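What follows are structure tokens for two forms of the same protein chain, given separately as structure 1 and structure 2.
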Structure 1
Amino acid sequence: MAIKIKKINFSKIFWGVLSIFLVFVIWYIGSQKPSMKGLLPNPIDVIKYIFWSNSNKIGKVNIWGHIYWSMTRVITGYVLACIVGIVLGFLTGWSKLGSAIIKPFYMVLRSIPSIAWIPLAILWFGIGEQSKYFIIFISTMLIVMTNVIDGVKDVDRDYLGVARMLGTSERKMFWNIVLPCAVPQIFNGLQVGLGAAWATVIAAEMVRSSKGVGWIILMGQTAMNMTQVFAGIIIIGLIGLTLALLMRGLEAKLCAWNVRGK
């Protein structure tokens, strides 16, 4: 049996690499201006600092320790948010009773920025890990829930009409029509939610923490160590990109009929 090999888009890779190279060139030129001294570090120094932090501690742990703490917080809050968001999303989008009960609270909560929950989380759960889990959970859950609701609402009503005409039960329609049709939109919510969870944990760590990538940036700002600040920003960007690519790869495997961003 012939093996299908995916064609590599070298043109896309070339322009992507070129754009990154140009950003670093502009960054380097800007860092050489006297007016930017102390504000914009040399990109080479930032890269050297990142490699240095692999084997040297920044605070209590090295860079991998900080990444571990941030990812642990993200995964805990994200998984809980996905479970609750998917369940509530289907209840709101598919059940009239569920919509009547849940939607008023959902409409209020979705208009509140995630950063606004930080003071309340600290008051309710203290300055420990629970407050960070809660902030990630509440911000991510609403994103996942929104996409699930949209996925249910976007199901072709002709499919449901034909199924009802043939005597299909509501339960069978949900499992055989609604759920499969909503899966691509659910994955969209999972991907957006993962990005939001990563951004939220950084904000939470910058408010109160002793470990984490957000803490690296905060301590760099406090010490006026802009090399450390920019190193933290680059690490955040690289991890965010990696998480997005992993979700796209998972989506390509499970939703091959509806892959986005080709």
Structure 2
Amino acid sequence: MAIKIKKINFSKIFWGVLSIFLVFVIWYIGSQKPSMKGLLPNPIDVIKYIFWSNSNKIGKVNIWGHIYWSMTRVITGYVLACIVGIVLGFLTGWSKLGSAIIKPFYMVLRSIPSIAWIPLAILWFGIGEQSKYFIIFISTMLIVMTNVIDGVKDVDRDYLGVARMLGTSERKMFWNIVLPCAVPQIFNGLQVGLGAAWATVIAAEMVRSSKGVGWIILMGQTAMNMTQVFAGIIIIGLIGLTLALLMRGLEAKLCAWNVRGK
């Protein structure tokens, strides 16, 4: 499998740089207005703050410490959620019995937004790490499950016929046809789920925690330190972007056969 390196598109880079530069200029001009004092920090200060936090502590740890905490929470909850979500999704989507048993509860849980679990999670698991793992788990799991169910439901019936024709027994149908057919949709679920896990951890950290990226912005608000808030938001965006790009790269590798993967 040859991975083609995309020709670098210079005009795209040019526009990208120009557009970000313009945003900074507007932001800078806005922050210089006297009425914005204390409300909108100077972008240069924000960038300086990010570099400063590279080696200085915000609260208990430096920025990498906070990122480490947030990522640990995301990854723990996410990995568990993917495993459970994929298994339950296939049970619900492929087996009629599984659907009859699981679907009603799935429907109820799915309609509750992830954030609304926070109070209950704190009641059940306390304010420690467990409650955060739980919230991330439940929100991501339902998203992954939804995508797996859709993926299985959308398996082209004709492929099943072809597979039978070629001697596939019903027992082998699942691993050889249904699973690969559903892979692109599952991948979509994993992608969306990772984004949701990231958003959920921010929310959970804002509601109750003593470290993490979500904590940084909430602390910034409490201390009226808007530079810290904006630095936090930019870091949240950068990590979200990195996660999205990583998933897309992984998809291109694993689903090379699929048009989506191109």
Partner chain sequence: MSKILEINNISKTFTNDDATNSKEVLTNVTFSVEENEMVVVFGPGQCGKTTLLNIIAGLEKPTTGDVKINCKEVTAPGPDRAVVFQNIMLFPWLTAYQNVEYSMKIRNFDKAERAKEAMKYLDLVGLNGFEQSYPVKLSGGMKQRVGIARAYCTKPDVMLMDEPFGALDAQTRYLMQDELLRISNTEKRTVVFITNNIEEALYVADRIIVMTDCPSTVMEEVIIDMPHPRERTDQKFLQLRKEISAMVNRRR
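Rigid core: the largest C-alpha set superposing within 1.5 Å between the two forms. Please read all numbers here as calculations on a predicted model, not as lab measurements. Residue numbering: structure 1 sequence, from 1.
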Inset, instruction - Assuming the other structure does not fit, state which one is the form predicted alone. - result: 1
Legend entry - Core fit, then residue 240 C-alpha moves 2 Å or more between the two structures: no
Legend entry - Cα displacement of residue 17 between the two structures, core-superposed (Å): 3.1
